[in-house]
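The chain below stands alone and is given as C-alpha coordinates, in the form predicted alone.
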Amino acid sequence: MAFEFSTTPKIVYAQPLADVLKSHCDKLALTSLCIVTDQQILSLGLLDPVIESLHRASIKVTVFAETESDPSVKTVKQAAEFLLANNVGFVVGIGGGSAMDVAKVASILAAPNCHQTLEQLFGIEQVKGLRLPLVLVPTTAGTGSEVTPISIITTGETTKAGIVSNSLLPDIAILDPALTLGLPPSITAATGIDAMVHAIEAYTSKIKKNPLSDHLSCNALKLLSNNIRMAVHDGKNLNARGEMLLGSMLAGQAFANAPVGGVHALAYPLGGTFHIPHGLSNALMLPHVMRFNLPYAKDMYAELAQLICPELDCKLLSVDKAETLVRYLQKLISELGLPARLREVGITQDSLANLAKQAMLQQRLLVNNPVEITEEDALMLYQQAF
(Lines give C-alpha, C1' and ligand atoms only; values in the text may rest on other atoms or scores of the structure.)
Protein backbone atom coordinates (compact mmCIF):
# COMPACT_ATOMS: atom_id res chain seq x y z
CA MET A 1 0.00 0.00 0.00
CA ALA A 2 1.45 3.37 -1.06
CA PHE A 3 0.62 6.37 1.12
CA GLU A 4 2.01 9.63 2.49
CA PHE A 5 1.85 10.88 6.05
CA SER A 6 2.67 14.38 7.35
CA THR A 7 2.31 15.94 10.77
CA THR A 8 3.63 18.67 13.04
CA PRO A 9 7.36 18.04 13.46
CA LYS A 10 7.54 18.68 17.22
CA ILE A 11 4.94 18.05 19.93
CA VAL A 12 5.44 19.19 23.52
CA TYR A 13 3.20 17.89 26.31
CA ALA A 14 2.63 19.36 29.79
CA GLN A 15 5.69 21.60 29.86
CA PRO A 16 5.52 25.27 30.96
CA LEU A 17 4.25 27.21 27.96
CA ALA A 18 6.42 30.27 28.57
CA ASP A 19 9.56 28.12 28.78
CA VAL A 20 8.85 26.44 25.45
CA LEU A 21 8.12 29.77 23.74
CA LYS A 22 11.26 31.37 25.19
CA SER A 23 13.35 28.42 23.99
CA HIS A 24 11.93 28.76 20.48
CA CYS A 25 12.61 32.50 20.49
CA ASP A 26 16.21 31.79 21.48
CA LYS A 27 16.52 29.22 18.70
CA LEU A 28 15.21 31.75 16.16
CA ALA A 29 17.26 34.62 17.64
CA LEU A 30 14.05 36.63 18.15
CA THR A 31 13.06 38.88 21.05
CA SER A 32 9.37 39.30 20.28
CA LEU A 33 6.28 37.31 19.38
CA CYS A 34 2.57 37.83 18.76
CA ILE A 35 -0.19 35.76 20.35
CA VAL A 36 -3.30 35.27 18.20
CA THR A 37 -6.27 34.38 20.40
CA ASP A 38 -9.82 35.49 21.27
CA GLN A 39 -11.40 37.81 23.83
CA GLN A 40 -12.67 34.95 26.02
CA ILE A 41 -9.20 33.47 26.45
CA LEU A 42 -7.86 36.93 27.18
CA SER A 43 -10.60 37.75 29.72
CA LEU A 44 -10.09 34.47 31.59
CA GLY A 45 -6.54 35.55 32.37
CA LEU A 46 -5.05 32.30 31.05
CA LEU A 47 -2.33 34.20 29.22
CA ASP A 48 -1.36 36.62 32.00
CA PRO A 49 1.28 34.43 33.69
CA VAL A 50 2.69 33.41 30.30
CA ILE A 51 3.03 37.01 29.11
CA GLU A 52 4.52 38.10 32.44
CA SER A 53 7.07 35.30 32.32
CA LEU A 54 8.07 36.19 28.75
CA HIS A 55 8.38 39.86 29.65
CA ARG A 56 10.73 38.92 32.52
CA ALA A 57 12.80 37.08 29.93
CA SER A 58 12.97 40.31 27.86
CA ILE A 59 10.64 38.98 25.16
CA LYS A 60 8.14 41.53 23.86
CA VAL A 61 4.60 40.16 23.47
CA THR A 62 1.83 41.68 21.36
CA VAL A 63 -1.67 40.22 21.31
CA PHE A 64 -4.29 40.01 18.55
CA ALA A 65 -7.47 38.93 20.33
CA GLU A 66 -10.16 39.71 17.75
CA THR A 67 -10.69 36.12 16.59
CA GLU A 68 -14.33 35.03 16.63
CA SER A 69 -16.00 31.65 16.28
CA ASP A 70 -16.04 30.62 12.62
CA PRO A 71 -13.52 33.35 11.72
CA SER A 72 -14.29 35.54 8.75
CA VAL A 73 -12.19 36.68 5.82
CA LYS A 74 -12.21 40.15 7.40
CA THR A 75 -10.75 38.85 10.67
CA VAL A 76 -7.98 36.90 8.95
CA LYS A 77 -6.98 39.96 6.94
CA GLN A 78 -7.05 42.13 10.10
CA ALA A 79 -4.79 39.64 11.85
CA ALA A 80 -2.31 39.67 8.96
CA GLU A 81 -2.32 43.48 8.91
CA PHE A 82 -1.74 43.51 12.68
CA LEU A 83 1.27 41.21 12.29
CA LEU A 84 2.71 43.39 9.53
CA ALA A 85 2.10 46.63 11.41
CA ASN A 86 3.89 45.27 14.48
CA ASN A 87 6.74 43.76 12.47
CA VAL A 88 6.01 40.34 13.97
CA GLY A 89 8.48 37.54 13.26
CA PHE A 90 6.95 34.74 15.36
CA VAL A 91 3.25 33.82 15.69
CA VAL A 92 1.67 31.83 18.52
CA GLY A 93 -1.95 30.72 18.07
CA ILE A 94 -3.64 29.98 21.41
CA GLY A 95 -7.28 28.91 21.68
CA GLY A 96 -9.77 26.69 19.94
CA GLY A 97 -9.74 25.79 16.27
CA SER A 98 -10.81 29.29 15.21
CA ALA A 99 -7.85 31.06 16.83
CA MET A 100 -5.42 28.48 15.50
CA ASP A 101 -6.89 28.71 12.00
CA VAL A 102 -6.48 32.50 11.98
CA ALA A 103 -2.90 32.20 13.26
CA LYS A 104 -2.06 29.70 10.53
CA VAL A 105 -3.29 31.80 7.63
CA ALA A 106 -2.10 35.13 9.01
CA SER A 107 1.40 33.66 9.41
CA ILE A 108 1.43 33.11 5.63
CA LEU A 109 -0.06 36.45 4.60
CA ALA A 110 2.31 38.38 6.88
CA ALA A 111 5.43 36.50 5.82
CA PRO A 112 8.19 38.41 4.02
CA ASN A 113 7.77 38.43 0.25
CA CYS A 114 4.22 37.02 0.35
CA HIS A 115 2.70 37.92 -3.01
CA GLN A 116 -0.62 36.09 -2.56
CA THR A 117 -3.99 37.36 -1.41
CA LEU A 118 -6.13 35.38 1.01
CA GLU A 119 -8.49 34.46 -1.81
CA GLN A 120 -5.60 32.88 -3.73
CA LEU A 121 -4.86 30.51 -0.85
CA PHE A 122 -8.21 28.72 -0.86
CA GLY A 123 -8.13 25.15 -2.13
CA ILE A 124 -5.57 22.36 -1.91
CA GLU A 125 -1.84 23.20 -1.90
CA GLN A 126 -2.29 26.72 -3.29
CA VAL A 127 0.18 28.29 -0.84
CA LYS A 128 3.28 29.30 -2.81
CA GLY A 129 5.50 31.01 -0.23
CA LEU A 130 6.88 30.44 3.25
CA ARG A 131 5.14 31.40 6.49
CA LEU A 132 6.40 33.05 9.65
CA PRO A 133 7.55 30.76 12.48
CA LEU A 134 4.40 29.31 14.05
CA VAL A 135 3.50 27.56 17.31
CA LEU A 136 -0.04 26.37 18.08
CA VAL A 137 -1.49 25.80 21.54
CA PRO A 138 -5.01 24.29 21.80
CA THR A 139 -7.25 25.23 24.72
CA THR A 140 -9.97 22.77 23.70
CA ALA A 141 -9.73 19.03 23.06
CA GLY A 142 -11.57 18.86 19.76
CA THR A 143 -10.33 20.26 16.49
CA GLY A 144 -6.82 18.84 16.46
CA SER A 145 -5.91 21.96 14.44
CA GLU A 146 -2.45 22.00 16.00
CA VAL A 147 -1.51 18.99 13.85
CA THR A 148 -3.61 19.55 10.72
CA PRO A 149 -2.67 21.37 7.50
CA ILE A 150 -6.16 22.86 7.25
CA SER A 151 -7.80 26.20 8.00
CA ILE A 152 -11.53 26.80 7.57
CA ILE A 153 -12.58 30.41 6.93
CA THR A 154 -16.10 31.87 6.72
CA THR A 155 -16.38 33.52 3.31
CA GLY A 156 -19.98 34.78 3.36
CA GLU A 157 -23.22 34.77 5.29
CA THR A 158 -23.62 31.01 4.93
CA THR A 159 -20.44 29.80 3.23
CA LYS A 160 -17.05 28.54 4.34
CA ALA A 161 -13.92 27.60 2.41
CA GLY A 162 -10.84 25.61 3.29
CA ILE A 163 -7.14 26.21 2.83
CA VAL A 164 -5.26 22.92 2.75
CA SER A 165 -1.46 23.04 2.67
CA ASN A 166 1.38 21.45 4.60
CA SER A 167 2.63 25.02 5.05
CA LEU A 168 -0.10 25.36 7.70
CA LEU A 169 1.50 22.74 9.94
CA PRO A 170 3.21 24.62 12.80
CA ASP A 171 6.78 24.23 13.95
CA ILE A 172 5.59 23.08 17.37
CA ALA A 173 2.30 21.97 18.92
CA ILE A 174 2.15 22.56 22.67
CA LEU A 175 -0.37 20.54 24.67
CA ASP A 176 -0.99 21.87 28.18
CA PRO A 177 -3.94 20.20 29.98
CA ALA A 178 -4.08 23.04 32.50
CA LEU A 179 -5.23 25.43 29.75
CA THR A 180 -8.40 23.34 29.26
CA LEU A 181 -9.49 23.23 32.92
CA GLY A 182 -11.80 26.22 32.57
CA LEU A 183 -13.84 24.82 29.70
CA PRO A 184 -17.56 24.56 30.58
CA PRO A 185 -19.18 21.11 30.31
CA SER A 186 -21.16 21.89 27.13
CA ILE A 187 -18.04 22.95 25.21
CA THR A 188 -16.03 20.04 26.61
CA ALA A 189 -18.74 17.66 25.41
CA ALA A 190 -19.18 19.16 21.94
CA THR A 191 -15.46 19.44 21.20
CA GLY A 192 -14.86 15.94 22.54
CA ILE A 193 -17.49 14.48 20.22
CA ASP A 194 -15.91 16.47 17.37
CA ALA A 195 -12.60 14.71 18.06
CA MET A 196 -14.35 11.32 18.14
CA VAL A 197 -15.92 12.06 14.75
CA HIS A 198 -12.45 12.88 13.40
CA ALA A 199 -11.22 9.46 14.53
CA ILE A 200 -14.25 7.59 13.16
CA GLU A 201 -14.26 9.34 9.79
CA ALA A 202 -10.49 8.98 9.36
CA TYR A 203 -10.83 5.24 10.01
CA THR A 204 -13.48 4.93 7.30
CA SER A 205 -11.99 7.48 4.85
CA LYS A 206 -12.49 6.16 1.33
CA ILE A 207 -9.45 7.43 -0.56
CA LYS A 208 -6.49 7.92 1.79
CA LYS A 209 -7.13 5.46 4.63
CA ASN A 210 -3.77 3.99 5.64
CA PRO A 211 -2.17 1.91 8.44
CA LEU A 212 -0.76 4.92 10.31
CA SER A 213 -4.03 6.86 10.30
CA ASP A 214 -5.88 3.68 11.35
CA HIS A 215 -3.56 3.19 14.32
CA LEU A 216 -3.94 6.80 15.40
CA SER A 217 -7.73 6.71 14.97
CA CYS A 218 -8.08 3.64 17.15
CA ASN A 219 -5.91 4.99 19.95
CA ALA A 220 -7.61 8.38 19.75
CA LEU A 221 -11.06 6.85 20.00
CA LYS A 222 -10.10 4.79 23.05
CA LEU A 223 -8.61 7.79 24.85
CA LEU A 224 -11.58 10.01 24.05
CA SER A 225 -14.24 7.44 24.88
CA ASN A 226 -12.58 6.50 28.18
CA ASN A 227 -12.18 10.09 29.39
CA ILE A 228 -14.92 12.29 27.91
CA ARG A 229 -17.46 11.62 30.67
CA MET A 230 -14.97 12.45 33.39
CA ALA A 231 -13.79 15.59 31.57
CA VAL A 232 -17.40 16.79 31.21
CA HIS A 233 -18.66 15.92 34.67
CA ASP A 234 -15.45 16.62 36.62
CA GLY A 235 -13.79 19.36 34.62
CA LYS A 236 -10.96 19.89 37.13
CA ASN A 237 -9.65 16.35 36.60
CA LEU A 238 -6.26 17.13 35.06
CA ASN A 239 -5.59 13.54 33.99
CA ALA A 240 -8.86 13.29 32.06
CA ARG A 241 -8.23 16.69 30.47
CA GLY A 242 -4.76 15.56 29.41
CA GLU A 243 -6.02 12.30 27.93
CA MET A 244 -8.64 14.23 25.97
CA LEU A 245 -5.98 16.58 24.58
CA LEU A 246 -3.86 13.62 23.50
CA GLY A 247 -6.86 11.88 21.94
CA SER A 248 -7.84 15.03 20.07
CA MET A 249 -4.30 15.42 18.75
CA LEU A 250 -4.07 11.78 17.61
CA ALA A 251 -7.43 12.12 15.86
CA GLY A 252 -6.16 15.32 14.23
CA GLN A 253 -3.07 13.53 12.94
CA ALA A 254 -5.30 10.77 11.58
CA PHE A 255 -7.79 12.91 9.68
CA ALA A 256 -5.07 15.27 8.44
CA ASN A 257 -3.86 12.29 6.40
CA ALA A 258 -7.10 10.31 5.91
CA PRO A 259 -9.67 13.10 5.50
CA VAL A 260 -13.14 13.25 7.04
CA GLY A 261 -16.32 12.62 5.08
CA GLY A 262 -20.09 12.81 5.21
CA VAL A 263 -20.63 13.82 8.83
CA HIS A 264 -18.48 16.91 8.41
CA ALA A 265 -19.92 17.68 4.97
CA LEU A 266 -23.44 17.82 6.44
CA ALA A 267 -22.30 19.57 9.63
CA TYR A 268 -20.71 22.56 7.89
CA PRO A 269 -23.99 24.02 6.54
CA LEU A 270 -25.45 23.92 10.06
CA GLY A 271 -22.64 26.16 11.24
CA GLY A 272 -22.68 28.38 8.16
CA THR A 273 -26.41 29.05 8.14
CA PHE A 274 -27.46 28.71 11.78
CA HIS A 275 -24.10 29.30 13.51
CA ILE A 276 -24.31 26.01 15.38
CA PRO A 277 -20.91 25.28 16.97
CA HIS A 278 -18.92 22.85 14.84
CA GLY A 279 -18.64 20.08 17.44
CA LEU A 280 -22.37 20.17 18.14
CA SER A 281 -23.13 20.14 14.40
CA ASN A 282 -21.10 16.95 14.09
CA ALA A 283 -22.86 15.37 17.07
CA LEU A 284 -26.27 16.13 15.54
CA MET A 285 -25.43 14.43 12.24
CA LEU A 286 -23.16 11.59 13.41
CA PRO A 287 -25.63 8.74 14.08
CA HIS A 288 -27.67 9.41 10.95
CA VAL A 289 -24.71 9.49 8.56
CA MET A 290 -23.23 6.41 10.24
CA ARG A 291 -26.45 4.45 9.73
CA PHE A 292 -26.51 5.61 6.09
CA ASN A 293 -22.92 4.37 5.70
CA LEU A 294 -23.51 1.16 7.62
CA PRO A 295 -24.05 -1.22 4.66
CA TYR A 296 -20.69 -0.11 3.22
CA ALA A 297 -18.69 0.46 6.41
CA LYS A 298 -20.07 -2.21 8.73
CA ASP A 299 -16.79 -4.11 9.06
CA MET A 300 -14.85 -0.95 9.96
CA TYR A 301 -17.54 0.19 12.39
CA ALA A 302 -17.51 -3.29 13.94
CA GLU A 303 -13.75 -3.01 14.50
CA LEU A 304 -14.22 0.33 16.25
CA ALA A 305 -17.09 -1.07 18.33
CA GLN A 306 -14.75 -3.70 19.74
CA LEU A 307 -12.49 -0.94 21.01
CA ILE A 308 -14.98 1.19 22.93
CA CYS A 309 -18.31 -0.57 23.41
CA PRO A 310 -18.46 -2.23 26.85
CA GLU A 311 -19.81 -5.77 27.07
CA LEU A 312 -19.95 -6.16 23.28
CA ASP A 313 -20.84 -9.71 22.32
CA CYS A 314 -17.91 -10.82 20.13
CA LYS A 315 -20.12 -13.42 18.47
CA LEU A 316 -22.36 -10.79 16.89
CA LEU A 317 -22.29 -10.29 13.14
CA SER A 318 -20.41 -7.24 11.87
CA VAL A 319 -23.62 -5.41 11.03
CA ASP A 320 -24.87 -5.90 14.60
CA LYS A 321 -21.55 -4.76 16.08
CA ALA A 322 -21.69 -1.69 13.84
CA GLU A 323 -25.22 -0.91 15.01
CA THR A 324 -24.02 -1.31 18.59
CA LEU A 325 -21.41 1.38 17.93
CA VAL A 326 -24.04 3.80 16.61
CA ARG A 327 -26.29 3.17 19.61
CA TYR A 328 -23.34 3.61 21.98
CA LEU A 329 -22.51 7.00 20.45
CA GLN A 330 -26.15 8.11 20.59
CA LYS A 331 -26.30 7.19 24.27
CA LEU A 332 -23.00 8.96 24.93
CA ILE A 333 -24.21 12.16 23.26
CA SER A 334 -27.34 12.04 25.42
CA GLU A 335 -25.35 11.35 28.62
CA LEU A 336 -23.19 14.39 27.91
CA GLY A 337 -26.28 16.61 27.74
CA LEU A 338 -25.98 17.57 24.07
CA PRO A 339 -29.09 18.16 21.92
CA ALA A 340 -30.00 15.24 19.70
CA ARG A 341 -32.34 16.90 17.16
CA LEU A 342 -31.95 19.78 14.72
CA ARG A 343 -35.22 21.29 15.93
CA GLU A 344 -33.72 21.59 19.43
CA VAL A 345 -31.09 24.07 18.22
CA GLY A 346 -33.40 26.35 16.24
CA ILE A 347 -33.18 24.77 12.80
CA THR A 348 -36.45 24.94 10.89
CA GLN A 349 -37.91 22.22 8.70
CA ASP A 350 -38.30 24.55 5.72
CA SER A 351 -34.54 25.13 5.73
CA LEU A 352 -33.58 21.49 5.21
CA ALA A 353 -33.70 21.55 1.40
CA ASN A 354 -31.34 24.53 1.31
CA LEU A 355 -29.00 22.82 3.78
CA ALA A 356 -28.88 19.80 1.46
CA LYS A 357 -27.91 22.06 -1.46
CA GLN A 358 -25.15 23.62 0.62
CA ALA A 359 -23.85 20.22 1.69
CA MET A 360 -23.24 19.38 -1.97
CA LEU A 361 -20.69 22.19 -2.09
CA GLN A 362 -18.48 20.18 0.29
CA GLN A 363 -17.17 17.86 -2.40
CA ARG A 364 -13.64 17.78 -0.95
CA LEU A 365 -15.22 16.03 2.05
CA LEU A 366 -17.96 14.03 0.36
CA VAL A 367 -15.46 12.16 -1.82
CA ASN A 368 -13.99 10.64 1.36
CA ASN A 369 -17.27 9.14 2.56
CA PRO A 370 -17.52 5.34 2.29
CA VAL A 371 -20.49 5.73 -0.07
CA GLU A 372 -21.74 8.56 -2.29
CA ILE A 373 -24.15 11.04 -0.72
CA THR A 374 -26.43 12.76 -3.22
CA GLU A 375 -28.48 15.89 -2.58
CA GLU A 376 -31.54 13.68 -2.10
CA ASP A 377 -29.62 11.58 0.42
CA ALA A 378 -28.48 14.70 2.27
CA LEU A 379 -32.08 15.95 2.50
CA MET A 380 -33.17 12.58 3.85
CA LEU A 381 -30.41 12.65 6.47
CA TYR A 382 -31.36 16.16 7.58
CA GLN A 383 -34.98 15.05 7.82
CA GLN A 384 -33.95 12.08 9.96
CA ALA A 385 -31.92 14.39 12.22
CA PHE A 386 -34.74 16.93 12.46
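Model, not experiment: these values are computed from the prediction. Start at 1 and count along the sequence shown; that's the residue number.
One more form of this protein, predicted together with a small molecule, exists but is not displayed; see below.
Counting only heavy atoms and a 4.5 Å cut-off, does the small molecule in the predicted complex sit next to every one of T75, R131 and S167? Contact check failed for every one of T75, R131 and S167.
Give a yes/no on whether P184 approaches the small molecule to within 4.5 Å in the predicted complex, heavy atoms considered. Because a heavy atom of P184 falls inside 4.5 Å of the small molecule in the predicted complex, the answer is yes.
Using heavy atoms and a 4.5 Å limit, would one call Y268 a contact residue for the small molecule in the predicted complex? Close contact exists here: in the predicted complex, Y268 approaches the small molecule to within 4.5 Å, heavy atoms only.
So in the predicted complex, does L179 come within 4.5 Å of the small molecule, heavy atom to heavy atom? Close contact exists here: in the predicted complex, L179 approaches the small molecule to within 4.5 Å, heavy atoms only.
Hey, in the predicted complex, does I59 get a heavy atom within 4.5 angstroms of the small molecule? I59: no, not in contact with the small molecule in the predicted complex.
Tell me the stretch among 328-336, 315-323, 34-42, 345-353 that has any heavy atom within 4.5 angstroms of the small molecule in the predicted complex. Only one stretch qualifies here: 34-42.
Contact assignment for the small molecule in the predicted complex, among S281, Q253, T204, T140, heavy atom within 4.5 Å: In short, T140.
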